[in-house]
Ligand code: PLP
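Here's a solo chain for you in structure tokens, the form predicted alone.
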């Protein structure tokens, strides 16, 4: 495996960053996960736009997107995979111990690993912890992922692949690494960005291509929704067949099935929509 670190490719053993990197010591960093198909990234422009937004929100220097594109191309050329997870990580770089950021400049790491196509359906749970829709890093894709690790571990304990959060006012928000859509009376809804959810790339494309409504939804909408599905870079559109103890045996339902088909067709026709 070859990994890009700060300007060049290195072997996995030689791809090193300092133990004092601010991304390691305090989680001061941002990242993007990009799906790759036969060595080509999907929706890379949208992912890089979000990387820049996250950098501005965290107060990091603006990333050199030309360099990031070169890094992605170099990594993909060096590591052929049919279906891949391309990870772009951008941190505060070498810094003193503590929350103050140093002056050495940011760290850029790009790596890719192979992955498998997800199942058409999955199980999810709700968790008692909340997303803060008014936090300093709300809506930013940061490397501070500890609460997602905890929630996803809870999901795994219950035989599920995702955990869904409400926000501080009890509204449906998002999953640990996905956005959520529900079908009510034949219409497709997803929580608005004001709920505190991440502006998912797949979420945006699904809403655009399938005509979803951004709607404030209580968490208990999951108890009565006709259909539920998740979206993310590697899930694409994935139906939920079990939510907590509620079974949705018909999953994927008709609206979800159509969304899955439309997303696959549109994504296949344009790798950088």
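As the structure is a prediction and not an experimental result, all values here were calculated from the model. Positions refer to the first chain, counted from 1.
Another form exists, predicted together with the ligand; not displayed. Remarks below refer to it.
In the predicted complex, no heavy atom of residue 54 sits within 4.5 Å of the ligand. Though the partner is left out of this view, residue 200 does reach within 4.5 Å of the ligand in the predicted complex, counting heavy atoms only. Not displayed here, the ligand is kept clear of residue 190 by more than 4.5 Å at the level of heavy atoms in the predicted complex. Under a 4.5 angstroms non-hydrogen atom cutoff, the ligand in the predicted complex has residue 176 among its neighbouring residues. Stretch-level contact check against the ligand in the predicted complex with heavy atoms at 4.5 Å: of 71-79, 151-159, 108-116, 167-175, the positive one is 167-175. Residues 131, 141 of 115-143 are found to place at least one heavy atom within 4.5 Å of the ligand in the predicted complex.
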